[in-house]
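One chain follows as structure tokens, the form predicted on its own.
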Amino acid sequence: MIKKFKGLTFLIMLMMFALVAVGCSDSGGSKVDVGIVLPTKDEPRWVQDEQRFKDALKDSKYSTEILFSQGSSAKEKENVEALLNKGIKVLIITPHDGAAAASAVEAAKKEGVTVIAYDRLITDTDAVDYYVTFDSLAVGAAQAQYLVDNAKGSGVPLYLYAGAASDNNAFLFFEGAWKVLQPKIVDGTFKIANSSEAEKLKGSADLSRDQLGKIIGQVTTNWDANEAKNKAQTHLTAAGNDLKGDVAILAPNDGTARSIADVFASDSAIKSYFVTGQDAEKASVQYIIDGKQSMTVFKDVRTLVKDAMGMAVDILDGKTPETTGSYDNGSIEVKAKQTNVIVVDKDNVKSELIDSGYYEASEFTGLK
């Protein structure tokens, strides 16, 4: 009887072990084809991208998983490692910090994964295969041209702001803007109001990376609305009346543009201002309708997501993706697919953003 009991106990334990093994196998066996790592959930742009990525692959035979790094390069690397453990073949990644992301994508390359940098370039590594982007120089140039087109007279105070020094795009945006603004600074249309480094370099149309870095270091917002607000308050407090009146403001994106605009609007010595933006965020579209923000550079993310996912599917299908140019990331020339940008202001906000189906008219008030 004891022998039979022992035999039965052994059999039950064997069956339980088998069930556990099967369970472990199932939980670890969910393979993912395309891994996507986005920088933060704290900006509307990336939350919108998350849904668009999901929609882009919902009718595909391929699977995807999307993770957020929440502004941390360490978390970003953890996300990449988690996706590698799920067997991804393609990694689409928007780096929090272009240089710091190098080690994460190098780990992916070692596993034979194709790496696509999405919207922001990963720098100083040869482990990037492709780059899907809007033409960042064109974004900055469009912002600057808007300020030039709306400048009246001469000596218009020009307030300069930039994105994060850790983001390669911030350099490209500012470089594109500077090339348009610099001749108008030299001829006296604008006078620089808030950057001694820009004032020192105003004689040079082409700036080196180091020179751009010196200006950006003074006027960076770090893509943070509160930092932009504080910086704008500091600048206006220090500015004399000769640097107020009718002013022009180069703001790098919509989140910072709204904060900066609020500060300038609250200063009684500011008669009027033109302020730039980019991303066509809903809140900024409303600001444009209300006359609080002058323009935004509309980057149709639907097209960018479509380009990125189309590239990923081509790779999974064994095809060579189409590219339209390349970008030097400090280590190699990365093949790129570029998407055009559109300037949106009060005059065309309805045709570009509502009639195109990007947003619903019901999401805004005062739309004509």
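These numbers were taken from a predicted model, which means no experiment stands behind them. Residue positions are given as counts along the sequence shown, with the first one as 1.
What comes next is about the form predicted together with ligand BGC, which is not displayed.
Proximity to ligand BGC in the model of the complex, taken as heavy atoms within 4.5 Å, picks out 42 to 50 from the listed stretches 42 to 50, 63 to 71, 313 to 321, 329 to 337. Contact check for Tyr159: every heavy atom lies farther than 4.5 Å from ligand BGC in the model of the complex. Proximity of Arg120 to ligand BGC in the model of the complex: non-hydrogen atoms within 4.5 Å are present. Although the partner is absent here, Asp97 lies well away from ligand BGC in the model of the complex, with no heavy atom inside 4.5 Å. Within 4.5 Å of any heavy atom of ligand BGC in the model of the complex lies no heavy atom of Phe264. Taken together, Phe173, Trp223 and Asp279 are fully in contact with ligand BGC in the model of the complex: each brings a heavy atom within 4.5 Å. Residues of 189 to 220 that come within 4.5 Å of ligand BGC in the model of the complex, judged by any heavy atom, do not exist; none qualify.
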